[in-house]
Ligand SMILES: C[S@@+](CC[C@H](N)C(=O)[O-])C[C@H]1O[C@@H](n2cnc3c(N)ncnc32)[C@H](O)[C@@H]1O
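So this first bit is one chain, no partners, the form predicted alone, shown in structure tokens.
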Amino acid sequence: MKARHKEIYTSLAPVYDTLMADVDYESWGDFIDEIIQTHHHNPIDILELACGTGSLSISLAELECYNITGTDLSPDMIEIARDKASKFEVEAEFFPMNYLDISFENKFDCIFTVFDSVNYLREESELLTFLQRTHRSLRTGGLLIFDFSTPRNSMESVDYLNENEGDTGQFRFYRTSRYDAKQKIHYNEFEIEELDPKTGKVINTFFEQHKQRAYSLSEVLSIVEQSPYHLVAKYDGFDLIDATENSARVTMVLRCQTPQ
């Protein structure tokens, strides 16, 4: 059976939570909450971009101190996020939306996106556009928080990401991973099989290729300097310590100084 190529996070949506089973969303949510509380005096309205199936938004919503909105390019992921919010009885709203084209009438105190979402922006001009568009959706004094994966992270993670597989009962997936150090492009390729619930036989096969650029800290800092933001902090990993060029994952905290 020939695999059908699909847009990223379309066929992957039903297996995404299995794929991310090892991610500690509660601790990640605590880290984002700590950053927000450290750098904003009265945060209320929070927007997550590229929220996936909503696990992090839901974790923050459970704190009951924020109005949480989550968006993702994939309607399939948003549908799952809405179902999870209903299941856990948390107040969070989810909408399908491209994070390069945010279209809310209201503005937010904080916008965040994590887990390498901006690494999908492989051109520096795209990353600058992202900064400009998010700035328009923040109140003066609001925060943009985003993390990115560096070349070191790709080089260290490619072996354990490669030849990874999982099974939900209805779907199973197989991931291969490789890193082109010259181009600084990390490839994750997924073959997803849909199984007949009665026979267990494969009835559909899908293929998704994910390409992300690994940015150095200096590259991102240079782009931030061209943006309307003020740099507040750059954190190493999941600690409030200053990131360096040797950091594997960097979390940036930027402030909106003036309205657009």
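We number the residues from 1 along the sequence you see. Keep in mind it's a predicted model, so treat the numbers as computed, not measured.
Beyond the structure shown, there is the form predicted together with the ligand, which is absent from this document and is the topic of what follows.
None of S74, N153, N188, S137 but one reaches within 4.5 angstroms of the ligand in the model of the complex through a heavy atom, and that residue is S74. A single residue from the set M97, L131, C110, A85 has any heavy atom within 4.5 angstroms of the ligand in the model of the complex; that residue is M97. Shown alone here, S149 lies farther than 4.5 Å from the ligand in the model of the complex, counting heavy atoms only. When contacts are judged by a 4.5 Å heavy atom cut-off, L127 does not count as touching the ligand in the model of the complex.
Mapping the unseen interface onto this chain, Y120 counts among the residues with a heavy atom inside 4.5 Å of the ligand in the model of the complex. At least one heavy atom of G52 is located within 4.5 Å of the ligand in the model of the complex.
Against the ligand in the model of the complex, the set Y16, L56 and V114 is in full contact: each member has a heavy atom within 4.5 Å. Heavy atoms within 4.5 Å of the ligand in the model of the complex are found in one stretch of 199-207, 42-50, 220-228, 59-67, which is 42-50.
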